[in-house]
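Listed next as structure tokens is one chain, alone, in the form predicted on its own.
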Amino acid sequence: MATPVVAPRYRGYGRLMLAYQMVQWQQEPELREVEVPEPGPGQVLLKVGGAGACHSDLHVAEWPEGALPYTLPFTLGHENAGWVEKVGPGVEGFAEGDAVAVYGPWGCGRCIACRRSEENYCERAAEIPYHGGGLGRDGGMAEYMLVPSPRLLIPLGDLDPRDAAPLSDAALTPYHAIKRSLPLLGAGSTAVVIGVGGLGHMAVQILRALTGSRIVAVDASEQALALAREVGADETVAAGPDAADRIRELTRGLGANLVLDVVGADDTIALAASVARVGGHMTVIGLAGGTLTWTAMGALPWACSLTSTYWGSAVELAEVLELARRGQIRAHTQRFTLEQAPEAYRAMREGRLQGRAVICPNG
């Protein structure tokens, strides 16, 4: 059985490794020693280069026992990339040393949605007691990670896994959300991004790469707004009581064609609804648990669609990685050792991160 430790006694395949694990609900995760897994038939063992730290990990840790179908303990880290360490019997197409990203949402692999590479919308998700590595199954905040199928691996080419890891969620999630709104985002349009953290700063870059929109970034932090300007925002607006008026002024009173709420709190959802335009899209990808009170008249402009999206497809992840290889998007990251994982999450909780924290278990 795994036991809590400060540092591992052994390093390397076949012995013990350090892992940052959820051990109890509503408690801080722990650094623990666990066995390095052996890949079975169809499985791939990954030497982890980087594992992104995400706000959703904080949300998972806050849930009470029984709220999620996960079995404890499991290793955190659902934004993962690294190098193939060993393949199990029957695995073809990957060899030791290949640099790969791990597609994060793990579905059944057999339903129509999964066959379209949309495991984020797996038709059998309710039957599966996990959502992916780091979300009910062991993730990448360990020296090695077991991936259950090569279908979940996307080649990185010359991208550094430590740089590419956050792209598997922090870029893929806004990419998927923005892609559905591309018909609205031609020249002369406006896109508003609310929240310029790990996902939001990627959303600004994706909008810049894919659309002709004027990009307006909203955040309460001047540091975050400075990052937004650095990565391509045309305008920045401080969150607060004057934010809606400022956005309406920038859009000549018409509102935004797309409002992407990367926070999802009551106040950000209210702001998003107040600045969307007739026929626009309001898309909420943040998980802060806010609500919108719906009425047939007044909740949203006429013909404005409201939706939430979840992650993205494996094909879309390949597209995201291609944008990164071309230099059109780049995750701004702060790197931490595995032993520093608790500090990375403290910095996230306290708003001290700029961009994305990446845990690097192997240096």
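Here the structure is a predicted model, which means the values were calculated and not measured. Heads up: residue numbers just count along the shown sequence, starting at 1.
Missing here is the form predicted in complex with (1R)-1-phenylethane-1,2-diol; even so, the following discussion is about that form.
Q: Given a 4.5 Å cut-off on heavy atoms, tell me which of 54-62, 297-305, 41-49, 314-322 is the interface stretch with (1R)-1-phenylethane-1,2-diol in the predicted complex.
A: Residues of 54-62 come within 4.5 Å of the partner.
Q: Even though the partner isn't displayed, in the predicted complex is residue 277 close enough to (1R)-1-phenylethane-1,2-diol, meaning a heavy atom within 4.5 Å?
A: Answer no; every heavy atom of residue 277 is more than 4.5 Å from (1R)-1-phenylethane-1,2-diol in the predicted complex.
Q: How about residue 75 - does it come within 4.5 Å of (1R)-1-phenylethane-1,2-diol in the predicted complex, if we only consider non-hydrogen atoms?
A: No.
Q: Would residue 250 sit within 4.5 Å of (1R)-1-phenylethane-1,2-diol in the predicted complex, counting heavy atoms only?
A: Answer no; every heavy atom of residue 250 is more than 4.5 Å from (1R)-1-phenylethane-1,2-diol in the predicted complex.
Q: Though only this chain appears here, would residue 239 touch (1R)-1-phenylethane-1,2-diol in the predicted complex if you measure heavy atom gaps against 4.5 Å?
A: Residue 239: no contact with (1R)-1-phenylethane-1,2-diol in the predicted complex.
Q: Check 185, 216 and 261: does every one of them have a heavy atom within 4.5 Å of (1R)-1-phenylethane-1,2-diol in the predicted complex?
A: Contact check failed for every one of 185, 216 and 261.
Q: Which pick from 146, 271, 135, 87 sits with a heavy atom within 4.5 Å of (1R)-1-phenylethane-1,2-diol in the predicted complex?
A: It is 135 that has a heavy atom within 4.5 Å of the partner.
Q: Please tell me which of 243, 125, 287, 227 lies within 4.5 Å of (1R)-1-phenylethane-1,2-diol in the predicted complex, judged by heavy atoms.
A: The residue in contact is 287.
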